[in-house]
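The data below hold one chain only, encoded as structure tokens and taken in the form predicted alone.
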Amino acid sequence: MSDIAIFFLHGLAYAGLLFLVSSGLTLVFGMMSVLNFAHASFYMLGAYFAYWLLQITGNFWLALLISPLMLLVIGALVERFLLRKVHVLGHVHELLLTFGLAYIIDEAVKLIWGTNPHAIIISGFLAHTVNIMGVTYPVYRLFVFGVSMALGLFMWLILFKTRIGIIVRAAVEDSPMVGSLGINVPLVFMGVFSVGAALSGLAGVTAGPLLSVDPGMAGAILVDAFVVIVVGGMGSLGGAVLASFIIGELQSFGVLLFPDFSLALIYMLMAVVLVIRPEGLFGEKQ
């Protein structure tokens, strides 16, 4: 029973990390119909910024605040000077642009920080352990899950309960009409893309103490993040929450019960969902 409790909690922690990564990807695709292939590279960049800030300040909370803000600025620059120019040309051009941007970021990271893995060391109460479900468990893993759930609730409130959310959803449905009402639609879309980049940066910071910070971390999370948005439904925030939980627990218990096939389980799940419900669990038919 203690093993089951530990692997269940591991699954929650990984589900939280998956949602932090996929939430920004889901937001950008759902609001702008842009499949940002560089999203995982933004995530990696957030982790490296956090490592760099910790070397300077020694304060993890400061890194948790500043690193997403740095990605927010980078996201705004990418959307304004790169993505906006190819957005009118269609999805293929957007995908090629973000694919190339991902390679540029990956090589820049290797040039600046090298290829060796780096560790982000946490201190204070986050470094402690607690007794839960009869086992001793790290506080930080619970912190990752708590942050992801708080973020999901905050995003839902913003999108569906505020004027900003109404403007964003209206711009998605009929941008010419929203523009005729005096709202700067390009600025709205730049804000959406910037927030998506900031969310990836937040995910990178939180992933740092769990995983090593290295140039391969983007590729390691990218496939799982895409599986989350495919299973949950392209652009569905609720679907991303449910899919993250399912995939996190499936991968965790897969290691316990089927170690030889654990990596294949999430792809089997995606295949089953695509056969039964091609639009995903919460996706809308187009």
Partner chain sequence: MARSHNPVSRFGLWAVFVILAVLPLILRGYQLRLVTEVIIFSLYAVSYNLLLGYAGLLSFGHAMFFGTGAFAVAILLEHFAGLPLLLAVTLATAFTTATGFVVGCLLLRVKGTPFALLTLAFNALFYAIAVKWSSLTGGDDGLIIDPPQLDLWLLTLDPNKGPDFYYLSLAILGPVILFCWYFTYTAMGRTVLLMRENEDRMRFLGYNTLLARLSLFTLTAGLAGLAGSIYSLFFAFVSIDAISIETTTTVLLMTFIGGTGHFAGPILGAGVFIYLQNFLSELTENWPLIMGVLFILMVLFTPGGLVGIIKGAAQWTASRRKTPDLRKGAKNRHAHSGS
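Since this is a predicted model, take the numbers as computed values, not measurements. Numbering follows the first chain given and starts at 1.
One more form of this protein exists, namely the form predicted in complex with its partner chain; it is left out here, but the text below deals with it.
Visitor: Would Glu107 count as a contact of its partner chain in the model of the complex, using a 4.5 angstroms cut-off between non-hydrogen atoms?
Guide: Glu107: contacts its partner chain in the model of the complex.
Visitor: Residue-level question: is Phe154 within 4.5 Å of its partner chain in the model of the complex, judged on heavy atoms?
Guide: It does not: once its partner chain is placed as it appears in the model of the complex, Phe154 has no heavy atom within 4.5 Å of it.
Visitor: Can you check whether Phe37 is within 4.5 Å of its partner chain in the model of the complex, heavy atom basis?
Guide: Yes, Phe37 is a contact residue.
Visitor: Though only this chain appears here, would Arg169 touch its partner chain in the model of the complex if you measure heavy atom gaps against 4.5 Å?
Guide: Arg169 lies outside the contact set for its partner chain.
Visitor: Note which of Met234, Ala63, Met31, Ile221 lies within 4.5 Å of its partner chain in the model of the complex, where distance is taken over heavy atoms; exactly one does.
Guide: None of the others qualify; the residue that does is Met234.
Visitor: Only one of Leu181, Ala127, Ala150, Leu89 has a non-hydrogen atom within 4.5 angstroms of its partner chain in the model of the complex; which is it?
Guide: That would be Leu89.
Visitor: Spot the stretch among 239 to 247, 255 to 263, 47 to 55, 63 to 71 with residues whose non-hydrogen atoms come within 4.5 Å of its partner chain in the model of the complex.
Guide: It is 255 to 263 that comes within 4.5 Å of the partner.
Visitor: Could you list which residues of 251 to 279 come within 4.5 Å of its partner chain in the model of the complex, counting heavy atoms only?
Guide: Stretch hits, in order: Asp260, Leu263, Tyr267, Met270, Ala271, Leu274, Val275, Pro278.
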